[in-house]
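Just the one chain here, the form predicted on its own, laid out as structure tokens.
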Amino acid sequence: MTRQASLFDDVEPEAERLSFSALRREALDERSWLDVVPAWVPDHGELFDRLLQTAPWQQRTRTMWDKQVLEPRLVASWRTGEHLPPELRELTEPLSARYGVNFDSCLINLYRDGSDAVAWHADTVRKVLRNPLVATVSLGTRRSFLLRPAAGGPVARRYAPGEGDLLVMGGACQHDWHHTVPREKSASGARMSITLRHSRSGAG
């Protein structure tokens, strides 16, 4: 499994670790937004390798057309109330401080190559929170991350996060928008996405 260059070519090579100084907010519509922080985790390679070795990876099954099929990716998860390992708590603390919510659960997706993917969806936390925040740290090779309105239609936004980039979806994004990591034959290596969520509302 290999990693690749960052999403943003103009990022300073000595980016400050877990800093929000380079954050930019993009409005998806009048109710939804996306925060983008290039190279939020400059030592992304070390974190990638550590999680690859220590996370409790599994390949889940899903029912499709009355058959059990394997999901095309590996996952590792920590539910609300479970203790996150130190390298993940180190990520949640500055995020919780900035956004005013307690990021208390984590799901890591490992896309081993370009054949691994996740279909169009919105995160289920929308069922219990009005405007949930979903933060994703992308490690490894760049992969397409696409958004479109939940009602359907063409792709509206295209990103290619990797190498420690941070994306935070906020506002009504999980209600009004869907996102996907599609299959990508040209992908040159593995991508790991650390997705952090909160279970209770906060200041936002």
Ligand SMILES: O=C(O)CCC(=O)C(=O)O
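Computed from a prediction, not measured in an experiment: that's the story for all the values here. From 1 onward, residues are counted along the sequence shown.
There is another form of the same protein, the form predicted together with this ligand; it is not shown, and what comes next is about it.
Partner proximity in the predicted complex, defined as non-hydrogen atoms within 4.5 angstroms of this ligand, places exactly one of 107-115, 125-133, 90-98, 76-84 at the interface: 107-115. With a 4.5 Å cutoff on heavy atoms, Phe145 counts as touching this ligand in the predicted complex.
Using a 4.5 angstroms threshold between heavy atoms, Val181 counts as touching this ligand in the predicted complex.
Residues Val181, Arg191, Ser193, Thr195, Arg197 of 181-197 are found to place at least one heavy atom within 4.5 Å of this ligand in the predicted complex.
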